[in-house]
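As a starting point, one isolated chain is supplied in structure tokens, in the form predicted on its own.
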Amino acid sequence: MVTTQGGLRRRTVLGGVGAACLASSLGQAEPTVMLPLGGGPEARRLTTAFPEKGSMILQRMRPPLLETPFEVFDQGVFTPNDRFFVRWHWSVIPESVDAGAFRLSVRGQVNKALSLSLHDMAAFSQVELAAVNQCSGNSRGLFMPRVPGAQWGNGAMGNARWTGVRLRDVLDRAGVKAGAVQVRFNGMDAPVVPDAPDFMKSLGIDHARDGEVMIAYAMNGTQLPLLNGFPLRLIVPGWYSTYWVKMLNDIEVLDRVDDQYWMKTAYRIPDTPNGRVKPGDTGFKTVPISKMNPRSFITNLTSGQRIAAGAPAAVRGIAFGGDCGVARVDISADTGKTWHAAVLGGDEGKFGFRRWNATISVSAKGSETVMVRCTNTAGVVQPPEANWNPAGFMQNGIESLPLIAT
């Protein structure tokens, strides 16, 4: 995390955000894109109907679930704001936010309750951090047997440079009382019916105050898009995006473990390595999902693409280590029989995407499978086979891409 000067802060938070608007006329969607979803259907519509967003894969209209087309990840290490994926839990989302009237509440087990305006937030020391935001169910559509939930391809993720303030600094301003156990975060979205559980997430007090968790008001050098959490969003680097609460407007310090629905019941995984169980297994212990695991992808080639047999072919892609950095990326051009180290690109920070490139050659004509795997700095390697659990979480099996040598 890097401490920065206040120029971006003044420009993005104070100068140009009287309000942001979600209201839009959702017109006819663009043509379809094919996703490799084993349980089908593979065809998904593309749409440009959402404000501040370019062409996105439409997974659901309400609440908005928009997936990043995979070719975007080949264009750079940072995912553009207008192509950054969107995932909301409830349909009641403010269509506009008055930046001048907005307040962030800090309350609970604190010495002094706070009501912070965006001007107040701008007075804290500004920090920047590159980090991957990835849905817990990214790649759920690849699970076999199929599991319920949004049938994402690999595009429910993105990497951005987040600008904001340390959560620790805000908590210190309020003064955390002795006996505090967790910190709970709530946003401005709301359930469609009164008895549905408001979406809230909690972190342990030590994690919340580790100096890396932050409250962002900008991404990639400009203000947050409304669909990605304007005006404030929690950033929990290395953890799945369920904790990255959008439109953050309430922070409550608790003297107990949070037992509301979104912590006690939802977003839980089997308490097994990589959250893996076998289809049909029951009775296993569960724990809240938390840290991401390492992943890597080929971005410049597509399934079934033709390459010249015996000739060198350039391959490139992205990788991330999950809750730590990328140590190495290896590539195989013979379905995993042999592996060779790829060349890593520049390091923008341990929580972000890392570009890589390699050269492969397939000697014989016919079908061949190229594979890529990431090893993170903690020594965790992508598993050879995809994991499975009933929620469709934490997919990170080695990516395989069939090619045709001609």
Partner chain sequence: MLVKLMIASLLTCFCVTPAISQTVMNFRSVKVELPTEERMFPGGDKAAAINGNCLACHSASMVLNQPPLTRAVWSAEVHKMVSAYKAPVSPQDVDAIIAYLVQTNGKP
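Numbering follows the first chain given and starts at 1. Keep in mind the model is a prediction, meaning the values are calculated, not measured.
Same protein, other form: the form predicted together with the partner chain, not shown, and the subject of what follows.
I need to confirm a contact call. Of Ser139, Gln126, Ser202, Asn159, which residue comes within 4.5 Å of the partner chain in the model of the complex, counting heavy atoms only?
Residue within 4.5 Å of the partner: Gln126.
Phe297, Phe78, Trp262, Tyr243: which sits within 4.5 Å of the partner chain in the model of the complex by any heavy atom?
If I apply the 4.5 Å criterion carefully, the residue I get is Trp262.
Should Leu226 be counted as a contact of the partner chain in the model of the complex, where contact means heavy atoms within 4.5 Å?
Judged by the heavy-atom cut-off of 4.5 Å, Leu226 is in contact with the partner chain in the model of the complex.
Phe70 near the partner chain in the model of the complex, any heavy atom under 4.5 Å?
Looking in the model of the complex, residue contacts with the partner chain do not include Phe70, since no heavy atom lies within 4.5 Å.
Wondering, does Arg373 line up within 4.5 Å of the partner chain in the model of the complex on heavy atoms?
No - in the model of the complex, heavy atoms of Arg373 and the partner chain never come within 4.5 Å of each other.
Report whether the minimum heavy atom distance between Ala342 and the partner chain in the model of the complex is within 4.5 Å.
Residue-level check for Ala342: no, no contact with the partner chain.
Please state whether every one of the three residues Leu104, Val181 and Met394 places a non-hydrogen atom within 4.5 angstroms of the partner chain in the model of the complex.
Heavy-atom distance to the partner chain in the model of the complex: none of the three under 4.5 Å.
Can you tell me which of 359-367, 374-382, 346-354, 55-63 lies within 4.5 Å of the partner chain in the model of the complex, counting heavy atoms only?
Only one stretch passes the 4.5 Å heavy-atom test: 55-63.
Output the sequence-ordered list of residues from 191-213 with at least one heavy atom within 4.5 Å of the partner chain in the model of the complex.
Sequence-ordered list: Val192, Val193, Asp195, Ala196, Pro197.
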